[in-house]
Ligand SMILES: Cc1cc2nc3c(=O)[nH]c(=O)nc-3n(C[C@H](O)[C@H](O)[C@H](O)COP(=O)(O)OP(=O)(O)OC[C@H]3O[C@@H](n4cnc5c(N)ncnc54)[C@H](O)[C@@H]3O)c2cc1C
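Take a look at this one chain, the form predicted alone, written out in structure tokens.
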């Protein structure tokens, strides 16, 4: 039996703890916050989107996508659903392949983890922010309320996004002490800012549309989903998915009616010329578009090609995920540090992030599997 200390009580840390405890290891979780799984409890807009049936490396960003693909082939959607179901509950996909608990409650997933941790006898120390790790005949961890020795350490302390969940980016320093680097960090799955004057009066209006990211006149990515107007930009499912690709200076091209051709739309506008956009787009959006032009051809084009410049994003505080982190190339196939034996990584702290739709939680579970396997074998 080994003594394993896991730093971080998020999705990756909780999964690591259960996998290792089931294998007979002595596991302790050090969590800096006052409860486990805070970010997990808010995932999927509170509904718990844990994975996606459409699972492959094309939905991810990393310095080594080949290894990401190999990892997913070993522990992907089916394995994640089996792992979660082994603790109880039923997990089902929606029409877009996003997998949720049948009860659509993310906090209930955290409850599953907590019950399993208690059953397995995993020790949890809350309010334990780790300040230092040293290695000499094993590891010694220094945290806010004491010290602890361990045979091996798994660093699952998250990235820099969503500071209110306890992930402020300070955990990278624990790895940098051993020579690890950190790639440039940026927010992902985040609201995008634009020119407030172009969307004045649209705050709160939601459209099921298509969004394309244009750079230098070329389309970088097109997504379909909810587009929600804010006071100074756009949010919603489509925007979160596109934010992984968009940069300051890009153009967002919004199609408010992606299932209807511009020609068919023009015919409908001609019929309803007195109030041309009724039952076509939300009334508030329709009024803004009609202030731009009264020409039916130009109006039809505007509905299908509404342009917004990207001024930036809303930052790490409002982001769901961190893009960047410890290079994947600085770890072995079992998530062990190539620079410090006995130190393993899992989750968002690594330079792997996914699109919106369950891909980031899938990476948490995939990397937890690889790290727990590595701890037992290395």
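Remember, it's a predicted structure, so these values are computed and weren't measured experimentally. Numbering follows the first chain given and starts at 1.
One more form of this protein exists, namely the form predicted together with the ligand; it is left out here, but the text below deals with it.
Remark: of stretches 305-313, 327-335, 33-41, 63-71, the one touching the ligand in the predicted bound form is 33-41 (heavy atom within 4.5 Å). Contact with the ligand in the predicted bound form holds for all three of 49, 174 and 361, each having a heavy atom within 4.5 Å. Note on contacts: among 245, 135, 165, 178, the single residue with a heavy atom within 4.5 Å of the ligand in the predicted bound form is 165. Among residues of the shown chain, residue 157 is one whose heavy atoms approach the ligand to within 4.5 Å in the predicted bound form. With a 4.5 Å cutoff on heavy atoms, residue 321 counts as touching the ligand in the predicted bound form. Although the partner is absent here, residue 370 sits far enough away that none of its heavy atoms falls within 4.5 Å of the ligand in the predicted bound form. Looking at residue 4, you'd find every heavy atom of it more than 4.5 angstroms from the ligand in the predicted bound form. Contacts between stretch 115-133 and the ligand, counted in the predicted bound form as any heavy atom lying within 4.5 Å, involve 128, 129, 130, listed in sequence order.
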